[in-house]
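Before any questions on how it binds or moves, here is one chain, the form predicted alone, in structure tokens.
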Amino acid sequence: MTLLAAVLNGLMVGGLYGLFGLGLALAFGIMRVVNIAHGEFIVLGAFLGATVLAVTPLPLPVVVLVVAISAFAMGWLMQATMLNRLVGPNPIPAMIATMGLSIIIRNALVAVYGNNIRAIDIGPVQNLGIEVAGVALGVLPLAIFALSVAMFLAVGLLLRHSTTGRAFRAAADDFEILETLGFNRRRVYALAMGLAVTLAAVAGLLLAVRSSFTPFSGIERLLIAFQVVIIGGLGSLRGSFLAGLFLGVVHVVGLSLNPNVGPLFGHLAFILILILRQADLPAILTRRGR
């Protein structure tokens, strides 16, 4: 794989990474909930999609819709039945609860599907390709990237131009203001978590179409989501998208350079960004320039 091909493929993977982080950022930004089960919901979306594809004749776009609806219901139920009782100034109870839920989901996946590596086969469309800038790219990865961009745009429109989005923004600022405006705080929180889990599960399914996965892949996906949130900035749609693109490029380029240690490059890049932010490098360079 040439460097240009690795960069282009990294951008397409990065769109899904951005969705990982966006879901996690929504949950924390609106409700101050650190959802440790976020990675397991990503993997659950992949397994659910694989199961529907295997037992039904539904095409992939319809399966994505089925996964999205199912994931929204799971997120809504988790928030409405469990996390709404724990949301408050102290984030630890919700973290512990979602950590326990992540263990339950992981073990349930192992019990049902086993611990073997799996991949999703959707037929001949996986081998279709076109040439872009002299580089052969798959039609499916391009379509997945376009869907990722569309989901980012849809979330942006929802947050800026809908009553639900205004309720989300009010909840992020102060839940008391939300209730003053006449919204039911618990219902808004359930909707927000439903959306967060939907983004995670759909991104997990689409990434599984391109790569393998196991019931234990959730930890890796959660780590990527945390990195996207920290690099991109909490609550920033553009930041999550750009951070996801950055990490996707670093991961794929790293894998093309050395398949054995490829993912390490992404973690090193993340640590380097943290060091540069802590050191306030632009200010240091400005002082030296004087």
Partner chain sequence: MTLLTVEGLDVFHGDLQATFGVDLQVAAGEAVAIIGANGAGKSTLLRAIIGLTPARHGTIRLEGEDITRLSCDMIARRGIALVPEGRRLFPSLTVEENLRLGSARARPGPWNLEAAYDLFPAMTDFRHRPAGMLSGGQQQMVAIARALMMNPRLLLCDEVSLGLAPAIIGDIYACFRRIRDSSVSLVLVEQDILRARAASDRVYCLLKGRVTLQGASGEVALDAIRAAYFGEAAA
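Residue numbers count along the first chain shown, from 1. Just so you know, these numbers come straight off a predicted model, no measurement behind them.
The form predicted together with its partner chain is left out here; the points below concern that form.
K.L.:
Kindly confirm or deny that P59, D121 and N127 each have some heavy atom within 4.5 angstroms of its partner chain in the model of the complex.
P.N.:
Checking in the model of the complex: none of P59, D121 and N127 is within 4.5 Å of its partner chain.
K.L.:
Just checking whether F183 would be counted as a contact of its partner chain in the model of the complex - the rule being heavy atoms within 4.5 angstroms.
P.N.:
Taking the distances in the model of the complex, the answer for F183 is yes, it comes within 4.5 Å of its partner chain.
K.L.:
D174 versus its partner chain, in the model of the complex: is there a non-hydrogen atom within 4.5 Å?
P.N.:
D174 belongs to the contact set for its partner chain.
K.L.:
Hey, in the model of the complex, is A170 touching its partner chain, heavy atoms inside 4.5 Å?
P.N.:
Because a heavy atom of A170 falls inside 4.5 Å of its partner chain in the model of the complex, the answer is yes.
K.L.:
Is there a heavy atom of R166 no more than 4.5 Å from a heavy atom of its partner chain in the model of the complex?
P.N.:
Because a heavy atom of R166 falls inside 4.5 Å of its partner chain in the model of the complex, the answer is yes.
K.L.:
Going by heavy atoms within 4.5 Å, which of 69 to 77, 201 to 209, 156 to 164, 139 to 147 lines up against its partner chain in the model of the complex?
P.N.:
Heavy atoms within 4.5 Å of its partner chain in the model of the complex occur in 156 to 164.
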